[in-house]
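Here we start with a single chain on its own, the form predicted on its own, put down as structure tokens.
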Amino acid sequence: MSQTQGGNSKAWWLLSPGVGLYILTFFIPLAMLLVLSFAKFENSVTTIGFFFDNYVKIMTDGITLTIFYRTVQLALMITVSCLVLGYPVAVLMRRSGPRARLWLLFFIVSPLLTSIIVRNVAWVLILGRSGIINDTLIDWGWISTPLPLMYNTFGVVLAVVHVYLSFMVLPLFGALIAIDSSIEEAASSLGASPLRVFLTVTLPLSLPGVTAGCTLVFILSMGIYLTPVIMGGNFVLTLPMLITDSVRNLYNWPVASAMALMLLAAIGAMVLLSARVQKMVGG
């Protein structure tokens, strides 16, 4: 018994490098954000203390909360789009053979293998006023003026979904592949239609994958910055863009820290909600 306890205590030391790195890269910066969020920024001077000026400004300036709500809406739109597009792909991967499954996996993951700048520039060439789509439609005589495919929410959602789709498909595929096909076959043999089998068997059993995929995509979408800057211009503002502007142009670290904590709180609420849903599904 003592030897087992001694072995376990030694094994815990193996975690020390990772724990130390996590403390340096997460807990210490988080503590600094918390301290700065209560500091006062006045006349370009930051005064450390316990002030609520930054939080009052966020709640009353009429801009920050609006952009925060739009950021949440944008993240939800991206999450729902990824779920709607990703679920059929995950089902197809489950029903495909090993070779076809490998190709599907490659096409889904391939956007992650390219630079974010390259991806966005490619979308500009496709969706721009003089892009491939508008030029083709004008040449065919289908439209007379270019369609507004960029510098709006549609362009941002499309460009982000293109990348984050893999974070939805992989958890869904993992959940679907774990389902015993004999359960679905038994439901079919009892007279259930394919739609009923999906709604009563496949979908409920895949809910853990749905929850995991939605959580991942939502968390990642709440922090997007570069894609809205390129694809949305000044017409689609997100909270990370506002935080960056406060730090880079206004040098207002206290307000930026308060907004960052607000963003982190929203992500934490999503994680808690996801854990609760996972518990309900598992129960």
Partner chain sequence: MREGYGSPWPHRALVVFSLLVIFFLVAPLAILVIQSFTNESYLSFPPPSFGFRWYREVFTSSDWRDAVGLSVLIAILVTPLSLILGTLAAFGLDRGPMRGRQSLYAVMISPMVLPHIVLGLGIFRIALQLNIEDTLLAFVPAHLTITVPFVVISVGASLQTFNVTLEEAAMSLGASRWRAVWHITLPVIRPGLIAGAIFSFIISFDEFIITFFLATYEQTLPLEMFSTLMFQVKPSIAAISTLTLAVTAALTAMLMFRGQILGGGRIVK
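Positions refer to the first chain, counted from 1. Since the structure is predicted, the reported quantities are computational estimates derived from the model, not experimental observations. Between two forms, the rigid core is defined as the largest C-alpha subset superposing within 1.5 Å.
One more form of this protein exists, namely the form predicted together with its partner chain; it is left out here, but the text below deals with it.
- This chain is drawn without its partner chain; in the predicted bound form, the residue among A75, A175, V89, A212 with a heavy atom within 4.5 Å of it is V89.
- Contact between F27 and its partner chain in the predicted bound form is found at the 4.5 Å heavy atom cutoff.
- Contact annotation: V56 falls outside 4.5 Å of its partner chain in the predicted bound form, judged by heavy atom distances.
- For L33, a non-hydrogen atom is located within 4.5 Å of its partner chain in the predicted bound form, even though that partner is not displayed.
- Not displayed here, its partner chain is kept clear of A275 by more than 4.5 Å at the level of heavy atoms in the predicted bound form.
- In the predicted bound form, its partner chain lies within 4.5 angstroms of at least one heavy atom of each of the following residues of 121-160: V121, A122, W123, V124, L125, I126, I132, L158, in sequence order.
- Annotation for F26: C-alpha shift of 2 angstroms or more between the shown form and the other one, rigid core superposed.
- A movement of the C-alpha atom of G268 falling short of 2 angstroms is seen between the shown form and the other one when the two forms are aligned on their rigid core.
- When two forms of a protein are overlaid on their rigid core, residues whose CA moves 2 Å or more are considered shifted, and W103 is not one of them between the shown form and the other one.
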